[in-house]
Each structure stands twice: as C-alpha cells, then as structure tokens.
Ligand SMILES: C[S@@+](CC[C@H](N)C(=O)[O-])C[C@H]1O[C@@H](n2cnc3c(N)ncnc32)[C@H](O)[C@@H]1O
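Presented below, as structure tokens, is a lone chain in the form predicted on its own.
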C-alpha cells in the first residue's frame, strides 16, 4: 500500500537510528509497516485500541510475504497510547532510543497522551514525532511548557488539508515556536495559503467575547510575513 502524502512526510522525518519505534493510533499500520520494511529501528511496535485493526495488521505481519522479507522485528499492542510499556523494552535506560509517533488524533488528546508519557518516562531516551489534526498552536504551547526542544518540523498539504509535523525531544537544542519556525517556505504558495487561513481562523474566533486573548496569537502569525 502506497503511503499517503502525510504519512510519507512523517516517514521521511524518521532519519535517526532507534532501538524501538512506537507507531501509536496506527490505524491500518501502513506507516509502521513501511518503517519495518526499511529497518528504521531494531523493533517496530504497532499500537492501537481497536482489536480488529490490530488483528488485520498482525495477519499482514505473519503473512508469507512478510516472512520472505524477514519482517520479524515487531510487536502488536492493543492498548491506549498513554500506557506504552517502554520500560519493558529498555535494557539500558540511558542508551536505548525510543521514537513515539502519534498522528491522526486531535490536539487535545495528543496533549493528554504526551503529558502521561513524559511523566512516566522522564528518565528514558524518548523522542516524539507528532502530527495533530487540530489545535496546533495549543500543542506547541504545551511542548514549550514541557521544555521539549525541536529536532525538526514540516508542513504538508494533503487533500486540501494542512498538517504540521513536529519532531521533539527533551534536550533538543532548538526551541519550539508557537507558530512554527523552520517549517515555513514562503516561496511555496500552499504555505502562504495555510498562513492566511490560520490568521483568518483566529480573526473569526477573536470576534467572540470569550476569546479576547487571541489578538496576541494573530500578531505572532502575522509577524511571519516579515520574517
């Protein structure tokens, strides 16, 4: 199965060596299967709370085609992503590198998941590759509050929808920006369109008395035009 543009972008941002990659909310497992095929980690974990989806993925992984490709370094976990058993797969807490991928969920749920994982695995070598569906500004604020640094970020347009992808980790040297930094390419009309749409979205919100604090958000996005 060919990856969607969004999943292709996420896949391309997995460029480091990892001991374990956790593909959370993995849906049909297309991303994890591609990461497994190209040996992006010693072990790829498929995580979802929907048993039927995981049965389908497990059948693919146990197929004759998969065995011929020697795709055997995997585990399937039917659980909430907040409960990842990272500690069970870390022989050396300081050395074993984990990448947790969470994509295709709303920003508020993503924040809840990351908050839980950070508390549990503060001592582990864990990075996060995140692609929220909504509330990007709120997600970025949360990452800044949690003192997670930026490794990489990108902006992708697929089927007239825009997605921000953030690769972050504790100790990463670059700061996360509320409105994005290295993801912008203002020679790309789609990026300009996304910025325009985002500003208009917050301008509409600002008309409500309950959201009078959005003026600062609008100003931050508008400042990108001068950057």
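Worth saying up front: this structure is predicted, and the values here are computed from it rather than measured. Numbering follows the first chain given and starts at 1.
As for the form predicted together with the ligand, it is not shown, yet the points below apply to it.
Is there any non-hydrogen atom of residue 185 lying within 4.5 Å of the ligand in the predicted complex?
Residue 185: no, not in contact with the ligand in the predicted complex.
Since only the chain is shown here, I'm wondering whether residue 80 would be in contact with the ligand in the predicted complex (any heavy atom pair within 4.5 Å).
Heavy-atom contact with the ligand at 4.5 Å: present for residue 80.
Can any non-hydrogen atom of residue 53 be found within 4.5 angstroms of the ligand in the predicted complex?
Residue 53: yes, in contact with the ligand in the predicted complex.
Heavy atom to heavy atom, is residue 13 within 4.5 Å of the ligand in the predicted complex?
No, residue 13 is distant from the partner.
Ok, 126, 151, 113, 86: which has a heavy atom sitting within 4.5 Å of the ligand in the predicted complex?
That would be 113.
Using heavy atoms only and a 4.5 Å cut-off, determine which of 139, 117, 156, 105 is in contact with the ligand in the predicted complex.
By the 4.5 Å heavy-atom cutoff, the listed residue in contact is 105.
In the predicted complex, which of the stretches 139-147, 105-113, 118-126, 86-94 has residues with heavy atoms within 4.5 Å of the ligand?
Stretch 105-113 is the one.
Judged by heavy atoms and a 4.5 Å cut-off, are 6, 25 and 48 together in contact with the ligand in the predicted complex?
Answer is yes for this spot.
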